[in-house]
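The chain below stands alone and is given in C-alpha cells; this is the form predicted alone.
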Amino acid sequence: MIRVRGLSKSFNGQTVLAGLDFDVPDGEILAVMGSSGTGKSVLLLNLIGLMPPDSGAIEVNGVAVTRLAEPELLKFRRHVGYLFQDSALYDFMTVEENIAFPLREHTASGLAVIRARVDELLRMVDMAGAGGKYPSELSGGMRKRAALARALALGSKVLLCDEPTSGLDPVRSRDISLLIRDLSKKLGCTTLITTHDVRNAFRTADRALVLHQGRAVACGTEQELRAVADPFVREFLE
C-alpha cells in the first residue's frame, strides 16, 4: 500500500505540491493525471526518496519513507520498480545487460540464474529474442518494454511509472498501457502511473487522481470522474 498525507513541496517560493493526500491499496493501479508542471514527476521523486518533501508523510508497504536516512533509502529503493519517462536504458549495454544490471548489483544470484530471469522477463514484455540488441536499435515502444522488464527484475511489488506513454504513437501508447496493466495484475503490484494521457490512463488504471495547482481535485473511476462538476476536471478530461 502507498499512503500519502499532507505532502507539500515548493521551489523558490513556487508551490508544486500543496498538502496532497491519497492512498493506493495493495494491488491497485492508480493514475495521477494533470497538466504539465503540475508536480507529477516531483511526486514520484518524493515517493522514492530521491527528493525530500517540505512537509508531509509517505508510507510504502509499511515503510515510513520520509523518516529514512540515506543508507536505509538505498535498501528501500531495491523494493520499488521505477519506469523512467525516457526509459533511461544504458546505451552501452545490450537489452539483456540492462535487465540483468539490478540483478547483478543487488543479488548474489549466479550467472545461470540471472540469465534465466532475464529470459523470463523478456518473454513477459514480448521481447524474446531481442536481448542482444542495443537501445539505439530499438523503437520507442521497445525501449519502454525493455525498461519495464528492468523495473520488474527484482520482483518489486510496488511499481512507479513516469509518463509511460510519452513520445509514443497512439498504437504503441495503447500497447504499453495494456502491458503495464496486465503485468501489474499478474504480479500483484501496487502501481502508480503519472500521465497526462487521459485515454490510456483509463485503459490502465483502476482509479485516477487529478492534480491541479498541487492539490488533488478529484479521484475515482472513469465513470465517477466524468460525473465531477469541477470545471478543471471536466476540461482536462475532454
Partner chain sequence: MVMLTWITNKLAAQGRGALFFGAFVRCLLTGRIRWNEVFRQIYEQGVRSLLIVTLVSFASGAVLALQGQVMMARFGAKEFIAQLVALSLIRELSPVFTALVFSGKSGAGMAAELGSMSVNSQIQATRTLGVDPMGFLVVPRMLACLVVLPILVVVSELMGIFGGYLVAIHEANIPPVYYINQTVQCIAFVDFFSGFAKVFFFAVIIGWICCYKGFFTSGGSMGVGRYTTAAVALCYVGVIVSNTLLTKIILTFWGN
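Numbering follows the first chain given and starts at 1. The structure displayed is predicted, hence computed values, not measured ones.
Keep in mind the form predicted together with the partner chain is missing from the figure; the text below concerns it.
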Taking 4.5 angstroms as the heavy atom distance cut-off, pick the stretch from 136 to 144, 71 to 79, 163 to 171, 122 to 130 that is near the partner chain in the predicted bound form. 71 to 79
Non-hydrogen atom within 4.5 angstroms of the partner chain in the predicted bound form for each of Val158, Phe202 and Cys219: no
4.5 Å heavy atom contact, Met93 and the partner chain in the predicted bound form: yes
Is Val113 close enough to the partner chain in the predicted bound form to count, meaning some heavy atom within 4.5 Å? no
Does the partner chain come within 4.5 Å of any heavy atom of Leu50 in the predicted bound form? yes
Counting only non-hydrogen atoms and a 4.5 Å cut-off, give the residues of 81 to 104 close to the partner chain in the predicted bound form. Tyr82, Phe84, Asp86, Ala88, Leu89, Tyr90, Asp91, Phe92, Met93, Phe101, Pro102
